[in-house]
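Given next, in structure tokens, is a single chain: the form predicted on its own.
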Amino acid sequence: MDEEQVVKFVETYLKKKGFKQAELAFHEEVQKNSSANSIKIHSDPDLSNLILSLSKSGDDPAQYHEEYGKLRTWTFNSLDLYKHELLRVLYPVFIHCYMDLVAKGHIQDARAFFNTFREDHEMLHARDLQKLEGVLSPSHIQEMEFAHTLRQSKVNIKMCEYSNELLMQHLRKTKSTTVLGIVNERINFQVSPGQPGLISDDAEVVTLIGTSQDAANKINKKEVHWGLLEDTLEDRLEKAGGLQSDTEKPEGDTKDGEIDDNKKRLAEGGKQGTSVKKSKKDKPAGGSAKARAETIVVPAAPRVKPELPLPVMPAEVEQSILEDLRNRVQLSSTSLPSVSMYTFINTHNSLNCSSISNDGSLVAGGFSDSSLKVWDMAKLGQQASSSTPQAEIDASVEHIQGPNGSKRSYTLLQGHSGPVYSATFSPLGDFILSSSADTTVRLWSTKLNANLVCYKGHNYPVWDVQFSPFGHYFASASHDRTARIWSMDRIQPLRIMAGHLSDVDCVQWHANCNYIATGSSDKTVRLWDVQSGECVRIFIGHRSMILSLAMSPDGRYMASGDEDGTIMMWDLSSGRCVSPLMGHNSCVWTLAFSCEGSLMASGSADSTVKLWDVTSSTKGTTKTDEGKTGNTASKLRSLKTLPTKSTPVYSLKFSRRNLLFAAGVLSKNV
């Protein structure tokens, strides 16, 4: 191989890769150097072969298949100590091999390559593979958001120094120049000295789409004031000595109305309510006393001032809430809640969402025909026949409606021009917000049964909307990759939170109203300051899109549920995952904390409600520093699984008295 060939090959390679500055510098260097000072390429056969292979790399589609196959075999046969780190390289290399083939027009070879090796990545990246399967031409890479983002950003992979050295030695030894080019161009290795990382760290070692770990760490150093607001109703009641558990009350204090109410609610809960009641009876009395003693040990949440001007609560509403707080049932791992399950039937697969008011008296459903329907449980109970369980809601019985609308089993609210994807009741139950594919959010009055305001601002479908804990303000999440904060009295958003790299699928308010959390299809959760609009936390660890969020009542913890059925508990102050909760085998659609924060309920597409002991998973973090939070995962436990017959659970809500309401749609396909 003579020098002219070498120069030609190097220039061709640099031009093909788009390295214009390097090409100019190389061209100047060639002109300056005389033949006497040039490198004798022909005397180094290895270098000669490498340059020759680089110049030809990419021309042969079979090279991608062959080199990736070699890397795959070598990785699976490597030492167990380093295997889990080396396996991390396979998925990004697989993706870019496929897209390189598509970009060069080798569509058939790309499909063959994809189908040959996709099985290796189905378990962890099924959703991404479905999107990638749609990339079938070079134009798709530019037009499709997912593919374009992958091509424009590098993959961040954590790896120890020795694993990195082993990988590079293998690629050079096997002359895998195509894969080597992809590794150099598409992967950013975060190499650390010492021993390989733990296999348990794999949830956050690969960030395919999203903020780099360094940027996330920088954001997570910002201060978060996660405490509760000053002078809350709970504080006032506690100072007055009125906040006590139901077990501490004298037996004679229970009102007849409460007994009847509890009986009615237990009847709604069906078998589930019965089993919970039985489990509480079987537990020794000393257990609940011990549980109460443990909850008292947890330090009180710090107090903060509101950043938003909050609405004044009417005196009669305060009295009603105080009454609920006085009669609240104290829950623990030995005292589980009663559950009232509302089931929609005959919906013909058109129900998209459901919502339950704070006291469980109203239930709303959003439908694909753009309608919003609201059921009053008291009226439904009067109209239902004795053979029909009160918890079952027939969403199609429009024939019951009379001329004046008085006998209709639900209130029909029409105004949207697209499917309704989310609905939420105000804290007092006098308003409902709904979001739709028509890009709008609408405010409805439950007293007037009318649409009051239509909020326009999003450019694409709005997936979720949530009232703040104090009402007046609400947050929305959209396909346009933004979340927005609104107030009821303004038709324009107050804040726009932009930063997610894909749909914002769910949104949740912090207990003190100073922050909102957003979950996205980019597999991250972000925490935003409502006053500044800045992102103050990025939570990385989920392997699929986030579908549900919940904040603990003390404001310290957040739970997030994803499409794979995984729930993660996060410490807001440190930004770390306290503990993953594994148990569901399908999408987690809804999460809810009990009023005192000792339990959490999760509802899933697998037709179950699960109750989790939050105290056991977070107790260790209150006594240890951040560096020891990993030990708490072993303490976590699922307290009870409440299966439905065949009803995927859409929404959960704890009442102020700690009764758990659930809603879902009867499905014959489950």
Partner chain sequence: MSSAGIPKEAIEVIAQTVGITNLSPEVSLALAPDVEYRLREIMQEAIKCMRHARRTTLTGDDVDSALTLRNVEPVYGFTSKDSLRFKRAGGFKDLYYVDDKVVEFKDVMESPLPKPPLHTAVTAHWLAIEGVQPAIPENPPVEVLTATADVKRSEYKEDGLPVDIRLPVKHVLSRELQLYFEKIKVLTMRRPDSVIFKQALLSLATDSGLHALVPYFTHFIADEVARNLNNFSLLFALMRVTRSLTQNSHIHIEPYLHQLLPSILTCLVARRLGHRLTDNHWELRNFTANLIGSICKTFGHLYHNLQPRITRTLVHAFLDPTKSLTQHYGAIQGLAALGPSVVRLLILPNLEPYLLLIEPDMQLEKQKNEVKRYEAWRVYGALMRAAGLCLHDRLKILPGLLTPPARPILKSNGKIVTGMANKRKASSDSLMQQQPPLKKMTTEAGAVGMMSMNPMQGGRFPPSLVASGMMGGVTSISRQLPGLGENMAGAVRDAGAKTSSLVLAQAWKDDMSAGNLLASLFELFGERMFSFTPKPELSFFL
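Positions refer to the first chain, counted from 1. Remember, predicted model here, so these are calculated numbers, not experimental data. So that the term is clear: the rigid core is the largest set of C-alpha atoms that superpose within 1.5 Å between two forms.
Same protein, other form: the form predicted together with its partner chain, not shown, and the subject of what follows.
- In summary, the region of this chain contacting its partner chain in the model of the complex, judged by heavy atoms within 4.5 Å and restricted to 455 to 463, 442 to 450, 186 to 194, 549 to 557, corresponds to 455 to 463.
- Contact with its partner chain in the model of the complex, judged by any heavy atom within 4.5 Å, is made by just one of Ile567, Leu229, Val578, Met341: Met341.
- Think of it this way: in the model of the complex, its partner chain has a heavy atom of just one of Glu223, Asp80, Glu316, Glu143 within 4.5 Å, and the residue is Glu143.
- Remark: Lys305 does not count among the residues lining its partner chain in the model of the complex, judged by a heavy atom distance of 4.5 Å or less.
- None of the heavy atoms of Gln414 is located within 4.5 Å of its partner chain in the model of the complex.
- Though the partner is left out of this view, Lys158 does not reach within 4.5 Å of its partner chain in the model of the complex, counting heavy atoms only.
- Contact annotation: Asp571 falls outside 4.5 Å of its partner chain in the model of the complex, judged by heavy atom distances.
- In the model of the complex, no residue of 168 to 186 lies within 4.5 Å of its partner chain by any heavy atom.
- Arg326 shows a C-alpha shift below 2 Å between the shown form and the other one [criterion: core-superposed Cα displacement of 2 Å].
- Once you line up the core between the shown form and the other one, the Cα of Asp359 stays within less than 2 Å of where it was.
- Core-superposed comparison between the shown form and the other one: the CA of Leu132 exceeds or equals a 2 Å shift.
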